[in-house]
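Encoded as structure tokens, the following chain is the form predicted on its own, with no partner shown.
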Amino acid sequence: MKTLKLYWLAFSTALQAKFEYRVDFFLGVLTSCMLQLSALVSLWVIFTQTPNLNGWSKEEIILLFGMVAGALGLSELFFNHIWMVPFYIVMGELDRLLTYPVNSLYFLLITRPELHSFGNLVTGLVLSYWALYHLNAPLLYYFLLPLFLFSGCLLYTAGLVLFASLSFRFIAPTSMHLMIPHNLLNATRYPVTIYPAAVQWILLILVPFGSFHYLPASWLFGKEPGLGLALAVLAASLVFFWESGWFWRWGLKQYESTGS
């Protein structure tokens, strides 16, 4: 409990420090909302040319859009510090973190919340619940949605940790390789079945970003899996997050500091 209180204190302190910059907060939220809505414009263009996308209606795909935005927002709010790992390795800043009496990965993740995450999170929730309402979804799904979003947050964060761990072996001051999981997550805004089989395998098995919303939505719309498989995504996200910790520990073994 003392460790959990320490993590919460570190997170809340970092969040309060961010809120000191109110203009940055409002601009960040506005920008993230506009980015999410601009992505919907491309969806609108698609549906002006076709009534459905591989059997998925506009409202069904908006649900996927919203869940991706919500999961992204949660990850940016609670676990966004992982993006700084390449820079910290090059500059030797990671040495300070490794002296703390806490789990280095967990402490790193929670100590740099991004305020623009609120824009992604709110946009995601509005789009998701709007889609559920217009699809006459059962009440159960309204309550399960936050669990699926949290699952997506863990999956995406685990992917970031995995790729960030490569920074220990392939040293560079840039985090551009972390855009790979970011782009993979954005690819799951659309049903994974529109992609070739190899890409489907990547998005559902290898880096399962497509599972936290595609499988539950498929169950909801009567397309493929049952509720049991949809709920199994929750357990799978915890396993994938735990596995990412193994990659982090592997990376730390490669770390040699700056030598200065």
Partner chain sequence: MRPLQPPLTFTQNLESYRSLLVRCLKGSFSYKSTTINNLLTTLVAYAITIMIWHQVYQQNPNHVIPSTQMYVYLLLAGAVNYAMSLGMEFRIGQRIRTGLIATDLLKPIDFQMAQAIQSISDGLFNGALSFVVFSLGFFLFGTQMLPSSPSAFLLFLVSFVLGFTVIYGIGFVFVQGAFYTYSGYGIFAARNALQFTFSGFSAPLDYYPPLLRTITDYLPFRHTIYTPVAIYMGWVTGPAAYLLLLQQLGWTVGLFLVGKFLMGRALKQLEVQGG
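Numbering follows the first chain given and starts at 1. Fair warning: this is a prediction, and the values are worked out from it, not measured in the lab.
Only in words, not in the display: the form predicted in complex with its partner chain, which the text now covers.
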property: Contact segment among 147-155, 133-141, 94-102, 172-180, judged by heavy atoms lying within 4.5 Å of its partner chain in the model of the complex; result: 172-180
property: Site check Leu35, Val41 and Ile46: each within 4.5 Å of its partner chain in the model of the complex by heavy atom; result: yes
property: Contact flag, Ile205 vs its partner chain in the model of the complex, heavy atom cut 4.5 Å; result: no
property: Interface membership of Pro196, its partner chain in the model of the complex, 4.5 Å heavy atom rule; result: yes
property: Partner contact for Leu220 in the model of the complex: its partner chain, 4.5 angstroms, heavy atom; result: no
property: Interface membership of Glu243, its partner chain in the model of the complex, 4.5 Å heavy atom rule; result: no
property: Residues of stretch 48-82 in contact with its partner chain in the model of the complex (4.5 Å, non-hydrogen atom); result: Thr48, Gln49, Thr50, Asn52, Leu53, Asn54
